[in-house]
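Here's a solo chain for you in structure tokens, the form predicted on its own.
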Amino acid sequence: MAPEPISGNDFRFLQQVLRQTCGLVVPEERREQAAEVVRNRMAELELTHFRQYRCLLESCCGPDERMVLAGRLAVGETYFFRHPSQWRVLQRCVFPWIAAQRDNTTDRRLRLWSAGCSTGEEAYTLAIVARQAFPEDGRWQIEVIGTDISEPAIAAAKKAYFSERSFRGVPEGLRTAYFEATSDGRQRPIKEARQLVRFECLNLLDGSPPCRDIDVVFCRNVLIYFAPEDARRVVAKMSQCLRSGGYLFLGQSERLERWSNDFATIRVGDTFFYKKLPGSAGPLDSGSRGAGRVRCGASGVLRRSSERHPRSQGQPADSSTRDPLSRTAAPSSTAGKRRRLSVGDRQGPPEPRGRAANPGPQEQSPEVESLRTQAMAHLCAEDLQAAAEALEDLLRLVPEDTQALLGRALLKAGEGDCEEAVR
């Protein structure tokens, strides 16, 4: 006998249970999807009436069953190298900054967390990109942690067998280099990549972070499933487990400003990412400090904006059809006027750190930190006009900022104006 339909009261009960269990918000538009998941689960358990399933959810075995239900509703779309522009920024900007920051230290541990990893494609992509950026020479210890609320998803991630659906848009060269065919026609990451990754079940709302001193967190298209207050709690946990100056990547439709004031917002091309501010580790409060992003109008007056830093009109955006790890930068509108800096094949400018020669009162503000990091990111991406604009805005705020002065000198050298660069 088929399970009975789910009533409106039954759906509201499910909404309440899932919100209390793991912070998962199931809106009205997902009602039919939730009902289908519940009907399938009831059929597996040979239950015909929802009241039977409700009794199970409220029983001593309820917590386990609630996690099973939440896991089935939370599993989203995933595949290798999804949103290629984010992987380019990670490889070409963030990893070089991390390497430069630790150049004079003995710290060679790189910790990366894929939060809400589903069946593991994102976590293995992190391992592959990290291995490309930090070749296996014994100097760097790479650790990738993948977590998800769904036990079946984690079990699949550990097995690491993937169908063709997981490889949409992945260039053939990457597939050949980092994946191996299996006897049943599927593919899996090579052993060298699998050894870098470990997986565990984790409820982001109530569970403890998998470790401390994390360098980069990918939590893409996860926070959209949480109510605002629960999302703030999750982001606060991520902030606490990130190193000072660590980086956070969210989904393309997610914006961190509504959930936390612990980060500076950086945008390179069409890609947002976030840098943890020094001394920050807590949820959003009622203070005036927020995740800063600024832009400069025609008058040169700085103001807050929901837009990214201005760059030249007509510059093409990153294309998701290109090689996600290509070192070919998007063409700049100044390409015909300036000699391009060959930063694409070098380590790139160091990650912004330290204090300016004559620090001003705004130096540690989110606006200043955002501009400083954003200018260096544009230099790494060889977007010279956007880099010049960000550097000029930064120097208006902090005239003696050493990173801005160095960046402007690099631009002048690239133009062939060596005298101005030295000055």
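Just count from 1 along the sequence shown to find any residue number. Only a predicted model underlies this, so the values are computations on that prediction, with no experimental measurement involved.
Just so you know, the form predicted together with a small molecule exists too; it's not on screen, but the next bit is about it.
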query: Partner contact for Cys117 in the predicted complex: the small molecule, 4.5 angstroms, heavy atom; finding: yes
query: Any non-hydrogen atom of Ser150 within 4.5 angstroms of the small molecule in the predicted complex; finding: yes
query: Partner proximity in the predicted complex: Thr78 to the small molecule, non-hydrogen atom cutoff 4.5 Å; finding: yes
query: Exercise: Leu24 in contact with the small molecule in the predicted complex, heavy atom 4.5 Å; finding: yes
query: Position in contact with the small molecule when the complex is considered in the predicted complex, options Gln187, Asn203, Ser85, Gln91, heavy atoms within 4.5 Å; finding: Asn203
query: Selected contact from Ala74, Ala236, Leu174, Leu196, since only one has a non-hydrogen atom within 4.5 angstroms of the small molecule in the predicted complex; finding: Ala74
query: Candidate stretches 142 to 150, 271 to 279, 94 to 102, 238 to 246, one within 4.5 Å of the small molecule in the predicted complex by heavy atom; finding: 142 to 150
